[in-house]
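The chain that follows stands alone, in the form predicted on its own, written as structure tokens.
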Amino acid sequence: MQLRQSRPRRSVLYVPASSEKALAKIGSLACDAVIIDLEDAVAPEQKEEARERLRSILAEKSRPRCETIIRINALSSEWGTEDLLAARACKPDAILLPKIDGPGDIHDADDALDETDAPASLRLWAMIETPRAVLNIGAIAELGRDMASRLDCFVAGTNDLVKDTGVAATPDRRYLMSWLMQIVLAARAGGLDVLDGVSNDFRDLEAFRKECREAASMGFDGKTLIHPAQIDIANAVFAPTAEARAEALAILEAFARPENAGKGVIALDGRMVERLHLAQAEKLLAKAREIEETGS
């Protein structure tokens, strides 16, 4: 069975497949991942040209070093099948499915990839951006427990949720919060990573920083971005702090002492620490190591 690969996804930048200039910059950016977009960022008359540009940029000699995801158009659309075939041929790390409504959309994409003999390492990400997706979020997330489904990550599509529901897009996102928390909870139940939606005003970096901090506190692994200016802030906010790393290391060292062997609960600095805290500490330190290996 193909094991799910753990990798940092603090900063995930959307790049239009129709923009040669934007694509040329990918290799010099410090984001953890890029989503090369064939969907919303590409006008209908540019779809075929965008696919050709995609094939060129992901040629073996020029492909980005960071994790690379391709967002296709929905399989039910007139462009979906050609997008999927083009994406499959480019050998990305994952394909991002937009406008999913339920588990069937994941199954359809998985079946289509199986029919092309796509390797198990080619994963699927899912945009959670429709009311039906939010209502069906538990059933969709359950697919994360089945590695054969290829599902690896949820991406919150906050702009589409605002559009489809009519809620007010306030700066504090108060009317979206309950849905965002449902997405995080479901992702964790399915063992999936989960990314927050974009912040539309890329010039207001302080507002972006605040949104990142809130998203990190809510449990998101990272944030999707629309501009390179947002990368450094996302990388910093979603990385474990020095204090958190020190605390995690202290927990590991405490449980490693001979007198604590086999104990489920120990005392550390005046508080009780359980083995669930040990697991959290191990996960945090593993993430910190992964980030160090990326050099960002």
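Source: prediction; values computed, not measured. A residue's number is simply how far along the shown sequence it sits, counting from 1.
FYI, the form predicted together with a small molecule isn't displayed, but the following is about it.
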| query | finding |
| --- | --- |
| Non-hydrogen atom contact residue 281 with the small molecule in the predicted complex at 4.5 angstroms | no |
| Contact of residue 71 with the small molecule in the predicted complex (heavy atom, 4.5 Å) | yes |
| 4.5 Å heavy atom contact, residue 198 to the small molecule in the predicted complex | yes |
| Heavy atom of residue 254 within 4.5 Å of the small molecule in the predicted complex | no |
| Whether 13, 41 and 228 all lie within 4.5 angstroms of the small molecule in the predicted complex by heavy atom | yes |
| Per-stretch contact check against the small molecule in the predicted complex, the hit in 25-33, 45-53, 246-254, 233-241 (non-hydrogen atom, 4.5 angstroms) | 25-33 |
